[in-house]
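Here's a solo chain for you in structure tokens, the form predicted alone.
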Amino acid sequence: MITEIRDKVAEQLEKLDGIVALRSTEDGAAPYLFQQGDNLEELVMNPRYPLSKTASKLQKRFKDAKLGVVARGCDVRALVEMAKRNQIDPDRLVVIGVTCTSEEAEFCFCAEPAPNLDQWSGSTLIGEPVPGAPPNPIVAEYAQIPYAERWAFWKAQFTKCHKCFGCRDICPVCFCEACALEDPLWVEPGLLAPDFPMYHLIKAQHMTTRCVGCRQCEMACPADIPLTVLYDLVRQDVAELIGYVPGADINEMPPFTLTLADAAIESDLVY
């Protein structure tokens, strides 16, 4: 599949100003803007890394550029949510969608491992779509767990946190310039572990209509906190209570904006 991806990137580079993808060299792997003439043998799909914020930064810097991005299913859902919040201009972005394998879907408990490209003009899909994976067993059984046990479970998990901000920094839909997790009004500086449960509930609140189930936060966590269990539960409640599914429809606006400050930030970044 990687050969097919590289061939498609080479083809699209004849029409685009550049394509955002993961590049691996002897110094490591990192997001990179591939352009004509670059060595596409360096383009890789692993280790997984979300590229939505990289694409956003490039679009804001180069306002006339027509770019592409190599994206898995969860990456495309993140691009949809970023577009709704004026962080991505979908008219200037071509998506090269890549399907995940059954093993990858099972690892992430992903119900939608294939990218939905219906809303992205000029985009293409590489790979055969596979069925979605069953949900995380903890999520599936959560309703039967007594409240006292739920509280004890999360307290034991969150007390492992040492506030490295890895979950925030890797998140493909975290883009606020001023982060509430660093606001001393909400989170006491220098306190480890952070106050239970305020720190993680603030993050969960901000993910209410954004989380696309990529599992990047959990994979980045050095303390092995099962963060996607929390966000899966939040996403499940949002779908049941107000019928909103993050990343599903680029034309369906988020049901609410968290704060007036968020609204001001987003309006300032309109293209």
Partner chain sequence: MDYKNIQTICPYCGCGCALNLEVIDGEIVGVLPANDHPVSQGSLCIKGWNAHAFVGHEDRLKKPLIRKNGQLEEVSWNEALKLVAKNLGSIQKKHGADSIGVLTSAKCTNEENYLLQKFARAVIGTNNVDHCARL
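Positions refer to the first chain, counted from 1. Note that the structure is predicted; figures quoted are calculated from it, not measured.
What comes next is about the form predicted in complex with the partner chain, which is not displayed.
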Even though the partner chain is not shown here, does Asp17 get within 4.5 Å of it in the predicted bound form, heavy atoms only? yes
Asn39: touches the partner chain in the predicted bound form, heavy atom cutoff 4.5 angstroms: no
Considering non-hydrogen atoms and a 4.5 Å limit, does the partner chain approach Arg215 in the predicted bound form? no
Please check if Cys164 has a heavy atom lying within 4.5 Å of any heavy atom of the partner chain in the predicted bound form. yes
Pick the stretch from 96 to 104, 83 to 91, 168 to 176, 114 to 122 whose residues have a heavy atom within 4.5 Å of the partner chain in the predicted bound form. 168 to 176
May I ask whether Leu33, Leu67 and Cys221 each come within 4.5 Å of the partner chain in the predicted bound form, counting any non-hydrogen atom? yes
